[in-house]
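Only one chain comes next, encoded as structure tokens, the form predicted on its own.
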């Protein structure tokens, strides 16, 4: 339920725009897209409803910005695990697999947001464009990691093969992410990451280990 007691706040333009996006995410995560009305978003963000139009021409533009924020945040959280020192390209790929299917990336709130947004992807061209953009951003980075792993073991692949590998591996990660987010207490510790590493390794014909 939206807290109607929130007071209006004086913030910078960037802070207010960010607050609107975060308010939209919070409402969709807790109640679905139908709860994210202009009035509720404004109340959640602590601004007047009329101020939304100052930052976003339409409510749909705000929803799109929130969707892109969510997908980009998930991608950053996944790839942030590669910032630490890792011994090899194969280890980097295995680490990415683990990060993709475990918290904080695999998370009930993240799934609720994805489910709330995904219904608009097929009927809204702007949402579809955001979905396509964020999908390719993740998959292209995955393709680079796969290519580096193959080079490391002396089995370089051409771009067409790497593209097919990336599509297949990404599909496996998506499926495990979905299950881990929907049923977080139904798997043993490390079970999904072990399945992900063995499955991606089987697709690539590589022995993956951190």
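Keep in mind that this is a model prediction, so the values were computed, not measured. Numbering follows the first chain given and starts at 1.
Below, we refer to the form predicted in complex with another copy of the chain, which is not included among the displayed structures.
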| property | result |
| --- | --- |
| Contact label in the model of the complex: residue 32 to another copy of the chain, heavy atom within 4.5 Å | yes |
| Interface membership of residue 139, another copy of the chain in the model of the complex, 4.5 Å heavy atom rule | yes |
| Another copy of the chain contact in the model of the complex: residue 203, any heavy atom under 4.5 Å | yes |
| Touches another copy of the chain in the model of the complex: residue 181 (any heavy atom, 4.5 Å) | yes |
| Contact residue in the model of the complex, chosen from 77, 126, 112, 86 - any heavy atom within 4.5 Å of another copy of the chain | 112 |
| In the model of the complex, the residue from 38, 168, 144, 51 that sits within 4.5 Å of another copy of the chain by heavy atoms | 168 |
| Interface residues of 130 to 156 toward another copy of the chain, as seen in the model of the complex [heavy atoms, 4.5 Å] | 131, 132, 135, 136, 139 |
